[in-house]
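In the form predicted on its own, a lone chain appears below as structure tokens.
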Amino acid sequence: MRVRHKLRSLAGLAALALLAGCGAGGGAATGPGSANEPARGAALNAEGTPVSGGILRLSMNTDPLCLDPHAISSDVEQIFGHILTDNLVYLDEQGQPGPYLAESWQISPDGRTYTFKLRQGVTFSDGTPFDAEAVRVNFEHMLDPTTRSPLAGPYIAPYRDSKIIDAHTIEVHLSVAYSPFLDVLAQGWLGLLSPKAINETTPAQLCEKPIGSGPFVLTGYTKNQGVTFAKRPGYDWAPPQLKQTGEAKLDGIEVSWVGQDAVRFNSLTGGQYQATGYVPAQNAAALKNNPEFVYANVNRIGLPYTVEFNTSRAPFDNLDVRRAFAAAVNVPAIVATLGFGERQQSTSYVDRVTKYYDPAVKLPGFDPKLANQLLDQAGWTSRNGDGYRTKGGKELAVQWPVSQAGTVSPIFDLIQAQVKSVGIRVNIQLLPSTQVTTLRYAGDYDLTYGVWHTNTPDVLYIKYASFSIPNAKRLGQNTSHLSDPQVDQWLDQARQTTDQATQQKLYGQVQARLAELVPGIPVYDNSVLWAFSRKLHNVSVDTSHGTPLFTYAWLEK
């Protein structure tokens, strides 16, 4: 066995240190060192003498419709996870896994066995003690097919079983060496729930009322309206990295879903809310220049905002059509139009801050002439009366289901107009978010879109490994349905190796291969924009997600 502090290098886990770089089309307002990008772990607006009391009113974007962190992939859990639950580990300011509910751990030389020593005296809010059995039940819950976990389950997919050594020591066995294991255990989606609640309630009931051990307790949830949390009396097991102990300062947190960008911004500046987890990019400048607010724009590890092709069906099962579509889209112009100086143009299938990001990999750029050549090459040589290409009497048209919840991004209309110039019709389908989700997991679309944030380069496995293609048993996130044996092999090897040089080579090869296969169009790097009133103090920057952490935040009287 090796000691804990050596295991980080053995595992080859992703560092969270921010790398330099501003995109060609995204403006220079974001990026490390900019005034509004605080360091991970930093406490913002920390001045003043803390006082207890008060309810924080927080606006969020979209209700995930389930609050079981193991059963959803919503980014809401990046904030909620550390309100309601605790994790086994917490990353420090350098991105290294540190103690939390696990006080220490050891890893076997083959990387397949993790032995955790657990903190004593911790309880869930229903009174159930936190112990080795609780950890075992949580791992089993994440992988239970009935949970249909889209994220927590895949993140610990190599988990095989656990052996309880004693009440506060557990030996976790993996089927293969899995280098991202400790990192993912720090994420909000892997917060630990009461084993009593897991065992004695249905999945639907757990979605409505998950029970954790965190600094706040869920007291109310009305779908599509909001969530309320109350301070947990007696809480005293926050991660040491926060350098504070004891109960939360706030009496509670009231969360409202505010989908419309303009409403969310105006209700923040108007004082209805004291914080928002989603600042619209177009309103960032106003908040930066307003002395009554603190604004943060934090770059994140993972997949950039990407327009994805469904490669499993026509017309995007044809590589030439995918390359043509990508060449017809003017990404720099889109980022300049939509980013308002707050976004950086993507240059790869991972964000720049992701470990093993390879700047040598080049994405194909805007080239309408090439797009037309490729479409001719693919046999789409004729045009109908509307100017769209046809082949065998069939129009080259693709379906793009888009959620109508909240503010609909103009990116869809921009891309629709740009590809029309080369003869591709894009039918944008504005639908309820639940219907879009249903279509997405059924594979019934031609285009989809989104970002994927995690805290390791293993995001490439989540998004592009064949294992991650959604099916009846698993809500995987390979929504491009890419299935490439070479990509699968490299990603599997990267997960299993403990050598960082080998990992760097493998992840670089995957990025280069994706640039050839064109499963999507990376548009801009994913950063999280949030803001809060200066009457709210001591808001920390979460080290895994870059989101606001309210454990010891306090409100002026």
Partner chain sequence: MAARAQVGRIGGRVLAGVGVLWGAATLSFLALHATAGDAALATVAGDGANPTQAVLERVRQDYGLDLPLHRQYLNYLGNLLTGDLGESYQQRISVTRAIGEQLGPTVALALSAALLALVLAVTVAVFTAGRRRWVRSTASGAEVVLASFPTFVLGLLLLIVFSFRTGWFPVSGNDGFAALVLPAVTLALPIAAVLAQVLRAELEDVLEQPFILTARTRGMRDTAVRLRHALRHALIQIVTMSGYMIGTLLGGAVITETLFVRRGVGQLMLTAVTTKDIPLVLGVVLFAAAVYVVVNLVVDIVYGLVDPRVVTA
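Just so it is clear, the structure is predicted and the values come from calculations on it, not from any experiment. Only the largest set of C-alpha atoms that superpose within 1.5 Å between the two forms is called the rigid core. Numbering follows the first chain given and starts at 1.
FYI, the form predicted together with its partner chain isn't displayed, but the following is about it.
Think of it this way: in the predicted bound form, its partner chain has a heavy atom of just one of T390, S73, T228, Q96 within 4.5 Å, and the residue is S73.
Screening A286, V176, A204, I164 for any heavy atom within 4.5 Å of its partner chain in the predicted bound form leaves a single hit, A204. Using a 4.5 Å cutoff between non-hydrogen atoms, R440 counts as a contact of its partner chain in the predicted bound form.
Its partner chain is not shown here, but in the predicted bound form it comes within 4.5 Å of a heavy atom of K223. Although the partner is absent from this view, G246 stays clear of its partner chain in the predicted bound form, with no non-hydrogen atom inside 4.5 angstroms.
Taking the partner from the other structure, its partner chain in the predicted bound form has no heavy atom within 4.5 Å of any heavy atom of A314. Residues within 4.5 angstroms of its partner chain in the predicted bound form, judged by any non-hydrogen atom, belong to 196 to 204 and to none of the other stretches in 333 to 341, 420 to 428, 196 to 204, 236 to 244. Contacts with its partner chain in the predicted bound form, taken as any heavy atom within 4.5 Å, map within 263 to 283 to V263, N266, S267, Q272, Y273. The rigid-core alignment places the CA of T479 2 Å or more apart between the shown form and the other one. Superposition of the core reveals a Cα shift of 2 Å or more for R440 between the shown form and the other one.
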